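In structure tokens, the next block holds one chain alone, the form predicted alone.
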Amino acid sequence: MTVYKWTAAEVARKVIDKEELFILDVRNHDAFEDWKIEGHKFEYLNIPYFELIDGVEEILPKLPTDKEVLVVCAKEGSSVMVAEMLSEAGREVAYLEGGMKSWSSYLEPIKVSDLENGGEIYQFVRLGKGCLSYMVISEGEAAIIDAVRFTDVFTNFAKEKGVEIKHVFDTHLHADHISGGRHIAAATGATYYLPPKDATEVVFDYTPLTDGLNIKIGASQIDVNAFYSPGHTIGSTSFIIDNQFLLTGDILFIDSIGRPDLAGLAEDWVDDLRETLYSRYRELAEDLVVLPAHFMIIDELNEDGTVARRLGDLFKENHGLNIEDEDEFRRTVTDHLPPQPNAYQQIRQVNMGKITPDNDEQTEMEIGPNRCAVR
């Protein structure tokens, strides 16, 4: 039987289109339990590769014959060998090119909406890591918000759209993924913005992202308004785009809220987090559509693959926005936190410009799921 090679892009479409898929994950159990390819209609079997070295006969009855089977490992090699054994046993299977390493890196650009006078906003969905980046384009110009480190994705997309990248923003100093923001700015001549309260230790030049900053994109003058919203970090800043969208960074998500501890100052920043979520955001129009910088679970994806929800709906449905008792809120965001992101301290150092790991080292730093939220 034929062994097929699937790209991360092909798997991403199956996630977004809610197709059925059976995944045979041959990584160790702890790696699988910590992080796997999530899909609405995916089924899983986790058998470590070393248990299959002598043959796959024992697992054949556990594999379906009426749906597609994808073999997954960390970097590809083991999944190719298992897929070939399954093919020799008469099964038609595929393996994931590049393994979970490629899945962690893949970005799916999805159009969120049209904006005033022909503008558009796109969301770049990093399904394997839960990261969300944005590009606002209008009449030949573009602004990028919270770009991940795969800079070619953004510069190539801008070329396809025929726009020049003029402004690049990071809503805060990221701790769970390596930012591509300043590198995109350096490559394109764009202005790079970072909140100054998050930039006290950075070793590169930047333009301060301050409360009330207003940038116009394109001849149609689409508004990008900065809105100070501390709590995840002391400098965290949101954006209101075209009076339609609220880009919340890592302060507010669809099904959770931001954690305040990744700079070691949880107790200090809890009050700021509550102030942003329960006062600052409450003063905004409830019809604004929230576009966060991350998602935690696959259920947060909409039918078209975007991650977006009306602010008024989140006020009603997001548990983190409905904890009336301040002491209970404090306990929730300090005592009940998920594990911290992999290598988050080193990632902060990278994003400050203090260390410059090579590509393989950066990949290892970012391996694993999104862990910047409290749910």
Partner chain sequence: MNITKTLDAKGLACPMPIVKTKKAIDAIKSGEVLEVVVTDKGALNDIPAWAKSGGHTVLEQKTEEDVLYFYIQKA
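Residue numbers count along the first chain shown, from 1. Treat the numbers as computed from the prediction; the structure is a model and nothing was measured.
Keep in mind that the form predicted together with its partner chain is missing from the display, and what follows is about it.
- Partner proximity in the predicted complex, defined as non-hydrogen atoms within 4.5 angstroms of its partner chain, places exactly one of 200-208, 73-81, 145-153, 166-174 at the interface: 73-81.
- Residue contact check for F42: none of its heavy atoms lie within 4.5 Å of its partner chain in the predicted complex.
- In the predicted complex, N28 approaches its partner chain with a heavy atom inside 4.5 Å.
- Within this chain, I53 lines the site of its partner chain in the predicted complex, having a heavy atom no more than 4.5 Å away.
- Though the partner is left out of this view, W35 does not reach within 4.5 Å of its partner chain in the predicted complex, counting heavy atoms only.
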